[in-house]
Every structure is written in C-alpha cells, then in structure tokens.
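A single chain, nothing else alongside it, follows as structure tokens in the form predicted on its own.
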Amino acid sequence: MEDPMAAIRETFFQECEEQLAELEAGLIAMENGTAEVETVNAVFRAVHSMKGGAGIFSLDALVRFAHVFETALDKVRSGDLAATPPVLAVFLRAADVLADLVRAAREGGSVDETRTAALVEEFNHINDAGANAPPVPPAPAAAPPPETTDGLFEDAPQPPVWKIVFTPRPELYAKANETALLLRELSRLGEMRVTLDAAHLPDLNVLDPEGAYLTWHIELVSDCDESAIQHVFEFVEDDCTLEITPPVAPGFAPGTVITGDNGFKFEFFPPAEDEPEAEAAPEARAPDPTTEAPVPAVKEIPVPAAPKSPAVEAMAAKAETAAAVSATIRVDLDRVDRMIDLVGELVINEAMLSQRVMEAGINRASGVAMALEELEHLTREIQDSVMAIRAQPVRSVFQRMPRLVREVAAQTGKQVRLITEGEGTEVDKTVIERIADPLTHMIRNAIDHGLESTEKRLEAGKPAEGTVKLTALHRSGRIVLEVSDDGGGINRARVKQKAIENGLIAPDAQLSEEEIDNLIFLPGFSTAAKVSDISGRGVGMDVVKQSVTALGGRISIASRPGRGSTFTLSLPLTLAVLDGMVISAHGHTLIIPLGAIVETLKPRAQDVFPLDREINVLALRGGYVPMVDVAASLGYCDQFVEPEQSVALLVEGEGGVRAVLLVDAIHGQRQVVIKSLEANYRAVPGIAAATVMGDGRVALILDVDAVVRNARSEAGRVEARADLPALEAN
C-alpha cells in the first residue's frame, strides 16, 4: 500500500534544497560583509524551518544538529554573538553537514558522525563564549522632557503592560519547536513576568507524552506594538492558542493629555459611573489600597495625519509587491517531459502539413494557407512557452560550488576565493542536471593544478589568495560556461613530457600549443606527482570532455604561462528544439543551426584563392577565411564543388573562429525537433544530431563547431603564407 506521507515527505526534501540554497547564499553574504538584517533572519528561518519539518518525520539526527545550529544563529541575530570570520567558517561547515544530513535522510545513507560531533562541540564552545561575552553597555538615559505650559508631560504614565496567554498545542512540539526559545525571544521586547498554569496537567498514569497541557500567562512591560509580539509567534501561530490583551494606562489625572508613538493624542477622563463621586470632598475620596483603580475612559483628540516616512512607504511597497507575486505549483518532471515530447510531435506534424500544402500547389493567399500560417505562429508560441517551463537559471548549480571550493582548498592547503557571474542565465533543466559533474571536475582541477601554492604565489608577486571565476552567459543561441583561474597556466613542456612517458604520443611528435593543451583530455593522463583524494588517477578531464560532447557541446582551453587558464564550455540551450537553416548538399538535406550563421553570400571567382588541391580560402573584409565543401567533408562525393557555383554561409564556431560552408542551395528557415543520432544509431563525425522533416525523411543537423575546427586545423597555415599579399594584389 502506498504511503500517504511519501508525497509530503518528498515535498519537505524539495523545500530543504531551497532552504539550503538560501542558507548558503546568506552565509556567503555574511562572510563578504554584504548581509543585511533580513539576510541574517532568513538564514535563521531556513535552519528553523528545516528543523521543524524534520521533527514531523522523526529525523532525530537532523533535528538535533539543526537545533544547535539554530541556537548559534539566534545569538548572532540577537547581537549576543559577533559574526566573526572564525564563527562564519563554523557556520559554513555546519551548512555542509546539514546538507549531508538532509541527503542521508532522503536517500537512506549515513554521515560522518565524527565530523558532526566535532561541529557540535564547536557550536557548544561558540554558544558558551557568546553567553559569557560582556554585555553591551546600556545607552545613556534620555534627559527628561522640558516643562511645557500645555501639561502634556505632567503625570507621565508608567510603561504599558501587555498581557499574553500562550497555550501550545501538541503539533507545536511535534515540529520540534520549544516554548523556551519563544519566551526568550519575547523577553527581548521588554521586561517580562511569566506564570506557568499547570491546572490541566493530568496524572502521570494517564499523561500522553506527546500531549500539551501547559499554559503560560505573561505580562510584558514594553512600548512595542502588537505586531512585534505576533512576529515572535509567527512560526507557531497555527500550532498554539494565543491571546494578546493590549495594555491600559492607569494613573492619569482627569484631563491628562499624552501623545502616542503613532502621533495620536489622547485625553483621559474618569468613567461616567464615577462622576457623582467626583463631587465628594477630597477627604471622602481617599483611595483604598485594597481596591483596584478604575479603568479610565479614553477620548481621542483628532489630529492631522502625519506624512508617511520613506521607510514606511518602502515597507508598504514591499508588502504590495509580495502580495502581487504569482503563486507557484510543483509539477512532476515526468509530466513536463511528456508535454515537451508532445510539443515536439506537434512541430513535426505542423511541418508535414506545411509540406503537403506546398506540394498541393495551394495559393498562399487562400484561406487554407492563411490558417496554416496562423497554426505555425501558434505552434511556435506553444513551443516557446513549454520550453520556458523547463528553463531554469544556472544558480542551482553555481550554489553548490562554494562548498566544493572550501573542501578542495582545505585539502590542498591553498587560499581560494570563488567569484561567480551570470547566475541568472537560464538554460533547459536537462542541461543543468548534466553540467554539474563537468563543472565539479573543472573547478577541482583549477584549484589543484591551476593555482600555485601560497609560497609560490607570494614569490611571483601575486596575492596569497588565488581566484577561481565561474561565469555563465548566452552567446549565439548557446550557453557558454567559463572556469578561469589566476594561477600559473598550463606547463606545456611538462604536459608533453608526461604524455610521452605515458605512451600517449610519440617522442618526436610535433604539436602546436593548442594540441598540447588538449592532451589533458586524453584518458589516463595526469600531471600529478602522486595519487591523492583529488587527482592523480588519470580520470577527470577526459570525463568532462565525454560529458560535454554527449550534450552536443564543445570544450576549449586558453592558457597563458604565469597568468592562468580559462576552460570554456559551449552547450546548446535546450536538447529538444532548435531553429535551423535547411540546406542541400549533393542531394542531401541538412540543417545548420541558425545561431551559428553570420551571413550568406555568393562567392566571386576573384575572391577565391587556392592553397592546394583541397583547400581554398575566401578573401573577406581584409582577411582570409577557409572554405569547406560540406558534401565532400561528409563523404557524400569525391569531387570538390566550384566555389563560384555554390551558395556560401559564413559560420562562426567556438572562440569566434569562422569558416565558409559551401552548399548547393538554401531552402529556408525551420524549427526542428532534435533527435539523438548517437542514441539511435552511432556517433558520426561532423554531425550533432538528427531531425524529422515535414516529408517524413530524416535530416542530419550539422556540427558547426566540429566543421570549423577541422577547417581551421587543415588550413592552419593560411596566415603564415608569405605569398597571400601577392595573391590579394592579383
């Protein structure tokens, strides 16, 4: 039988992931000194919420650790504990342990009890030190107000007393909340007197251990408003009975006028029933100390409304904005995937319908053609909307990296600072799920191999703290991820020597700098002197390349000795649909991604220069661009087409490298559904994927980056040819 709590439990863990991300972001802001008061409160609420939810599902280990974490955060929030760098370092390690506990509770694993116990000891030390810290010196007493002639400050009243009755329900304790913490929070508002009412406490033999029988009667001497009191109980308002009685102000003489904090003025008079006694002689009105003073009546004196302060207006605007935020729902990912598949089929069927209408020779001005055009626009809007559902910012991946950096930095003994940019860049969820591992390997590699030790950095005149930068941006219809460091760069001599020792290349191999850099992607290659927990086993960067290639992406390296290295990943925004240009080459229909096309042109004979029998370059705007015969490069034919008899497409690959693709004809632009060729057939060099055209035939999607890279390697000597100026002159 299906567990009815399973769905609720899964929702709890999903919320834990969000709260862990908020916790990590808040702690990093506190570490950088950019945190505001609300950020500190948000960090506390995240841990408190996780503890409360864990209590419902009896996750005792998570509850216990979250409790000590919450206690320390509460001291920071109240000002009893300073958020110094050592304290924040403990908090960040505690956030990691909290994430491990959540993961273990979700997946049924275990955590390192030694590490958890050590952190608990650190928290106990921090909490004790915070409790024994010298109190903040009290502010100097305010001078008494000057005497006035209108009597506003005569017979000043005592501070108001709020009366609060607090009765917890069993649900409050089931969610791991504690009345002691609530009462302590309430005591910060002013002087407090608490009376425990145990009248409903049953005998021990009938007592329910999970029940709630106690009531607290509280008198709070404070000038606060009711909202401040309610804020203390906001986390438990649904799990308790709370009665708040506003204070009365006894002791005012008849006719006394005071001004409240809100600007209103009040004039006090004795109750109507006491008016006959007011005519008695003064000696007849001697107060009886055993009787309670009558509650005076209140008459409001209207005053003009004071203008709102900017802070009040800002709070009101914030409240209106929060109210205007649209509600969200959680949808199972399988349902979204099914909807995307159906939209893909809709795109294919719309293309087939367009093909049939065109073959039938129906007039474009006819009603059928116009309706078909409207269907095409509607299909595009549906596809864009559905893809937007799956589009997510890469923030969820980026937020995992600070923890990784701290762990690797601690293992290597290096000082490392992580900088992230472009966290809001959106990409398809399937891409996000599959880029986490490559980024993890690359950042570990940047810290372990890229950054020098502290001593070497100081000798080189660099800061002791190394920097790793993680950037995301959109470029040419793709997402580009960059991992850069300010380390020593790739030691190409060592890389080549290591490759020779491992038998990966011949000793006399002549390699360019780019080819040497790419050796680190070979399986089994490593420059580490010894095997460690981080590197040395020859796995990592080859896995990165395989993962990126499987996503239809490319990875490139740019390294400068002594200045650092940059690894660039270029990935498709989505693995479902793309906009492409339909072309034909030697009778075969191909798709070229639209984002890679810069322009189309018709080559002229005088602009084409042959370098040898198979390589031509096109003179274009003062430079030379290699030309690629698409049909010949894919093996469709052996004869190379005449450039002036072809249509040329100027395309741009990764890193801004360009090439000119020669095709037979261009048939128009079309949105196509991506189908994996490797999963259904096998990997084909130069081909990224496949799609189904409107006539039902399969068309191949060209891998522009691979074509450009091959053209660049084959024509790499173009810029070195001394006779090119002469060719240009001719």
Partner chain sequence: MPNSMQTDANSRELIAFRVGRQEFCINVMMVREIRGWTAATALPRAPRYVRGVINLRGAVLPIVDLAVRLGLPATDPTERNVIIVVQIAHQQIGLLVDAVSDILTASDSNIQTSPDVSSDLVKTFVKGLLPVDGRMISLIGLDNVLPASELEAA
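Numbering follows the first chain given and starts at 1. Nothing here was measured: the structure is a model prediction, and the numbers come from that model.
This next part talks about the form predicted together with the partner chain, which is not shown.
At 4.5 Å between heavy atoms, is residue 667 in contact with the partner chain in the predicted bound form? Judged by the heavy-atom cut-off of 4.5 Å, residue 667 is well away from the partner chain in the predicted bound form.
Please tell me whether any heavy atom belonging to residue 675 falls inside 4.5 Å of a heavy atom of the partner chain, as the geometry stands in the predicted bound form. Within the cut-off, so yes.
Check whether residue 406 has any heavy atom within 4.5 Å of a heavy atom of the partner chain in the predicted bound form, and answer yes or no. Contact check for residue 406: no, nothing within 4.5 Å of the partner chain in the predicted bound form.
Non-hydrogen atom contact residue 523 with the partner chain in the predicted bound form at 4.5 angstroms: Although the partner chain is absent here, residue 523 would stay clear of it in the predicted bound form, with no heavy atoms inside 4.5 Å.
The unique member of 68, 35, 62, 692 whose heavy atoms fall within 4.5 Å of the partner chain in the predicted bound form: Comparing distances to the partner chain in the predicted bound form, the residue within 4.5 Å is 692.
Interface residue in the predicted bound form among 126, 548, 577, 634, criterion: non-hydrogen atom within 4.5 angstroms of the partner chain: If I apply the 4.5 Å criterion carefully, the residue I get is 634.
Picking from 408-416, 626-634, 461-469, 84-92, which part of the chain touches the partner chain in the predicted bound form when contact means heavy atoms within 4.5 Å? The contacting stretch is 626-634.
Do any residues of 580-604 have a non-hydrogen atom within 4.5 angstroms of the partner chain in the predicted bound form? If so, which ones, in sequence order? Heavy-atom contacts within 4.5 Å come from 588 alone.
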